[in-house]
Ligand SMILES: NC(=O)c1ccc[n+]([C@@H]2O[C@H](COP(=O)([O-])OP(=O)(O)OC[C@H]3O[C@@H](n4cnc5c(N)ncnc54)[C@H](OP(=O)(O)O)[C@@H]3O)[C@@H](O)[C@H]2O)c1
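Only one chain is included here, represented as structure tokens and corresponding to the form predicted alone.
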């Protein structure tokens, strides 16, 4: 059973699959070693994902390093226009607009979304606030949120979402938008076996269910740490390598449990970790830079972990002594 058989209708205009694809790496040289020679394989990844019902692609107007800022959106625009398969009409491109210090007015957000649409070559399907400013500049945020609502009211987007919001602020924004007849369709949070804080500690899943908001899990493989391929002297370059060296000693209970279940299920670590996110009622959006990664991700669909397997993973997650560092913008 593929993801396209499990479409979740969130509005008459917008439907979401069981799993999406994150595109942070598409255009990012600093962390993910992107270069333009990889565009062909990224097109293949895009086509493969859509063919298999993974029709949600998450991006951001800040994605892409240096002169390549916005590259992820540009590539997604090209790929979606070139794709001619039967799932074409189901493609949903969700972009996140950064709360840059110089974006201070509602019109600045409207202009940012229009710039994203220009790079995409089409209207944005789902527009999201990339992060709240409550932790450092609460006075900035209201105008930006009004701009998001304006985009929906003006018909420039099919839906509006948030990212890194905690329950207190989420309720406030939900009520503010409801007064204007603007629904919040999605909320993105950092969520994985190594990052359960938003749901376990903040209780966001129950609140989102109550408000009819779909919860999206970004970094569901913890930047690749849950693939099981790192350790024993094997580490990625740069910042990720330093982080992995720090985290690995404290996450062994999770890795051992993933290994046990993966061997029993004849699945990979990644597929077990992603399926756990799905069983928790979230939409994971793992990244994919090549076909091997895309195929691995797709292998997380069409089956479900048993309740006892989910419980085993939950117990292992509770034993982690070095969880993933929380996003600094995440609010309570």
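Note that the structure is a prediction, hence the values are computed from the model and not measured. Residue numbers count along the first chain shown, from 1.
The form predicted together with this ligand is left out here; the points below concern that form.
Think of it this way: in the predicted complex, this ligand has a heavy atom of just one of 41, 293, 47, 65 within 4.5 Å, and the residue is 293. Checking 93, 221, 170, 151 for any heavy atom within 4.5 Å of this ligand in the predicted complex turns up a single hit: 221. Only one segment in the set 159-167, 248-256, 203-211, 83-91 has any non-hydrogen atom within 4.5 angstroms of this ligand in the predicted complex, and it is 159-167. Although the partner is absent from the chain shown here, 23, 188 and 270 each have a heavy atom within 4.5 Å of this ligand in the predicted complex. Within 4.5 Å of any heavy atom of this ligand in the predicted complex lies no heavy atom of residue 278.
Residue contact with this ligand in the predicted complex: residue 282 places no heavy atom within 4.5 Å of it. Using a 4.5 angstroms limit between non-hydrogen atoms, residue 240 touches this ligand in the predicted complex. Though the partner is left out of this view, residue 229 does reach within 4.5 Å of this ligand in the predicted complex, counting heavy atoms only.
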